[in-house]
Every structure is written in structure tokens, then in C-alpha cells.
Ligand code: FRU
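Quick setup: one chain, the form predicted alone, written in C-alpha cells, and binding and motion questions come after.
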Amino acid sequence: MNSLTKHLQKSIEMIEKNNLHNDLWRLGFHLMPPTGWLNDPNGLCYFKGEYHIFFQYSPFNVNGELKFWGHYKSKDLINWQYLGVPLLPDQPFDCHGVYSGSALVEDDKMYLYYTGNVKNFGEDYDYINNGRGSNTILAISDGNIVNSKKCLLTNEDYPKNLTCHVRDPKVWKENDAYYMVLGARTKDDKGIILLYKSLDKINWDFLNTIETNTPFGYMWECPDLFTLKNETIVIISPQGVEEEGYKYNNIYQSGYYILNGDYKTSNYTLNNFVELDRGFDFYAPQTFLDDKNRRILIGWLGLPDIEALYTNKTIEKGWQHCLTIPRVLDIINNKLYQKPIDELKNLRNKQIEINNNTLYNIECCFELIIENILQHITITLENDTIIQFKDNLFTLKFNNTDLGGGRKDRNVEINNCNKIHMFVDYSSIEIFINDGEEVFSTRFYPKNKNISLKINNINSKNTLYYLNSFSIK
């Protein structure tokens, strides 16, 4: 530990003493930053009987600047302990930010791979083709502290047709070898994935690229690759994709391809890109396997660069963003489904049956399950927020832009809507349709802890559970 590390840690500890708990928009069952800015989930893993969630963290600036990794752990995904900031930008190879990455668990150690960001100053750099270093770093941890850091790859080691934008390593073991994917931007402004192979976790050889025949965005961030029910899934967060009807309405997207063939060679094809979440606030998801062999996904319940479109009103309170609830992935009819983890049922407190066409005033921390839906349904929150299925179109809409922070509407065409499963948490909404066939995530900003709820439908069965908050030390 050098003197810079000690100074940064002490400064963070001081700023985290700010009391944010009286803020009515602080969430009950989502992981948030203690203060400042949160973005990508990182290093998700199950290690020595506990779940570990790292996250991109800017404690000094609510709008995000110098990036660290914050760290939570839990035995049950309900009771959490905050472990502080284990990865800091304190070395020449990561001095302008500890960017996103992943965890490999082996030999009673966490091998944390991430991108070390370095910027050059004083000249006219565009930071795309020059002026930026994107280093692939390995940090080794015992689960509590980081014991060593090593730079493995620099821009000089990547293929020569790339810009400076190479980042977000995801690493896994397969048989006796290790594989890594990195998101990248070519000099022709095409987003691609780089695939590397290693026999020792340290020395990496370039193997292949994974890409579409025609460009789909200029940069692919946060790549993930895994097998689920014998299907190879490739998740990316592409930037620079243009709107197409109800698709790709956010500034940046997150979604997946089903890959056919051998991705370790050029003998593969990618099926059509499918968005993972249709709401206003979802980006940079990452998956991991737990001890129950569940493939769990967690995303950033937020987006970068939205300032011209809509806002997060928690900025005025000194913090911004959260992570989604964990979601278990499944493949059904060649489509990726996302279901809330069962552990969330342990947060249920009081259960009530909600009558149709009746106005309720309820605390804004609840789970709502609507079943036996026939034809169309409308759910109204705060006499404004509309969640509706009608004429094969599912819609999330804010009539009052103040409640939605400027958010307006998002839609998806779907053949039927038999079930809606909603989690509402003071300033967030996550909606799962047909057990995760489609998902909508958004932030919203009620003026009180209690909000109004009304369901307009004839035949549906509506069950509401009040939820306890996470226990966080």
C-alpha cells in the first residue's frame, strides 16, 4: 500500500460518513452507493460461501469522475455488508480510473480482472484514436483486501485495427484453459469483441474476434459469454445504435445474441440482437454462476450520458444510481428469460389482495403480482405513471415528466400478457412480464413515501406484498 492509496482510502471514509438515510428516494432492497455515483456491477461471484458484488464507484462526484470499485458481500442476497473500496486508481497503469471487469474464483482466491484507464493531458487528443491507455489489469484478493496488482495487456498488445477503446474483461475457465472477452471499437467505428486464451491466467494470447457481418454500433461495452441449456449466449452493451420503432429507444442498449457454431474460430454466426430490458434505466449487465448452478444477472439500473434526455433527481441529494435486483436466467423457445431471485420472498412482510378499480394508498416499497390477465390491463401509480397492456402493446409511460425526471414512454410488442410481476422501491420500478419474457426497469421520483395504486382489469388476481428493506452493515 503506497501513500496515495492510504490518502484515497481515508478521504473516502470521511466522505462516506455523510448521512443520506433520511432521503425518501433511498432504496429499500436495491444496492446503492454510500454516497456519490454508482454504475457498472463488477466482479460478481460466489466465494467461500458468500455472494460478492463489486461496483463502479465515484464517491467524490455525484456525476461520476475518478472511478473505484466498491464492495458488498452477503450470505443470502438479503443481508449485506459493505466492505469499502478495495480497488483504487493508485498505480501508473490505472491512475485515471479502475474501470469495469470480472472475477474468477480459483485456489481460494479472487482473480479480479479490470481495465486500468490512463489519460494523457496537455495536447489535442481525441481520446478515441489517441490520448488514452486501456490496460488489462489483474488484482488478486482474499475476499477482503487486494494483495497484488499486475498489468497484463496494454494498447500495444491489442490488434492494430483498434482505437484506444478496449475494456471490460470478462474471464472464465473452460476445461484446462482460461478465456477472456474484451469490448472494443475499431478504427472504422465498429463494435466488436476480442477473445483471448491463457493457460496460467497471466499470459494471454489473442484468439479471435466475435462480431456481426455489418456494423451494429461503434463500440461494444461489457461483453459476457456463457452457455445456458447448451446455447451459447453473448451479452453486449452496444453504443451508437439508431432507434428502430419501439426498439433501441435508449441512448445506449444492452442485449444478447445466441451464437451458433464455434466462437473460438471464425466458424460461427450470431442470431438477431435482442434487448434485455425495455425500460429507461438498464445498462452494463454481468452474469455469474452461484453454488446452486444458477446463472444470475445483475445490471446497472441507470445509463450514462442521459443529461439531454432525462435526469436522476437524487443528484440534488448527493448520490446517483443503483443496481437491479438479481435475476435468474433461463432459455425458453430460444429466448432469454429473466426471473427475480427467490430469496427476495424473504423480504415479504404483509400480504393483501388488491381489488380491481379501487384506489389504494400504499407505502412505496412493495411487490405486486397480477395473474389471470385477460385482454388488456392498466396499472396507475400516483395518478400518473401508466403501466398498460392493450392491443398487443405493453407500455410504461409517465404523463408527468417531473415524476419521471423527464422520462416519457417505452414500449414492446408482445403476443399476450398473462402475468405481471412488479417490484416498486421508493424510486425504482422493475416489471417482469410473463415470468421474465420481457422486463422494464426505470427510476421515478414520488414526492412522498406513500403512493396511490389502481388496477383497471376485470378478471385478474392481484396480490401485493409489503417488503422489508435490506439489512446493510
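On a predicted model such as this, the values are computed, not experimentally measured, just so you know. One rule holds for the numbers: they count along the sequence shown, beginning at 1.
Keep in mind that the form predicted together with this ligand is missing from the display, and what follows is about it.
Within a 4.5 Å heavy atom cut-off, is residue 320 in contact with this ligand in the predicted complex?
Close contact is absent here: in the predicted complex, residue 320 is far from this ligand, nothing within 4.5 Å, heavy atoms only.
For residue 99, is any heavy atom within 4.5 Å of this ligand in the predicted complex, or not?
Yes, residue 99 is a contact residue.
Would residue 430 sit within 4.5 Å of this ligand in the predicted complex, counting heavy atoms only?
Although this ligand is absent here, residue 430 would stay clear of it in the predicted complex, with no heavy atoms inside 4.5 Å.
Examine residue 90 and determine whether its closest non-hydrogen atom to this ligand in the predicted complex is within 4.5 angstroms.
No - in the predicted complex, heavy atoms of residue 90 and this ligand never come within 4.5 Å of each other.
Consider the chain as shown here, without its partner, and state which of 52, 407, 67, 421 has a heavy atom within 4.5 Å of this ligand in the predicted complex.
Only one option qualifies, and that one is 67.
Considering non-hydrogen atoms and a 4.5 Å limit, which listed residue (192, 222, 301, 396) is close to this ligand in the predicted complex?
Of the candidates 192, 222, 301, 396, 222 is the one lying within 4.5 Å of this ligand in the predicted complex.
Looking at 161 to 169, 356 to 364, 320 to 328, 227 to 235, which one sits within 4.5 Å of this ligand in the predicted complex if you count heavy atoms only?
Correct option: 161 to 169.
Which residues, if any, of 272 to 301 lie within 4.5 Å of this ligand in the predicted complex when only heavy atoms count?
In sequence order, 283, 284, 300 come within 4.5 Å of the partner.
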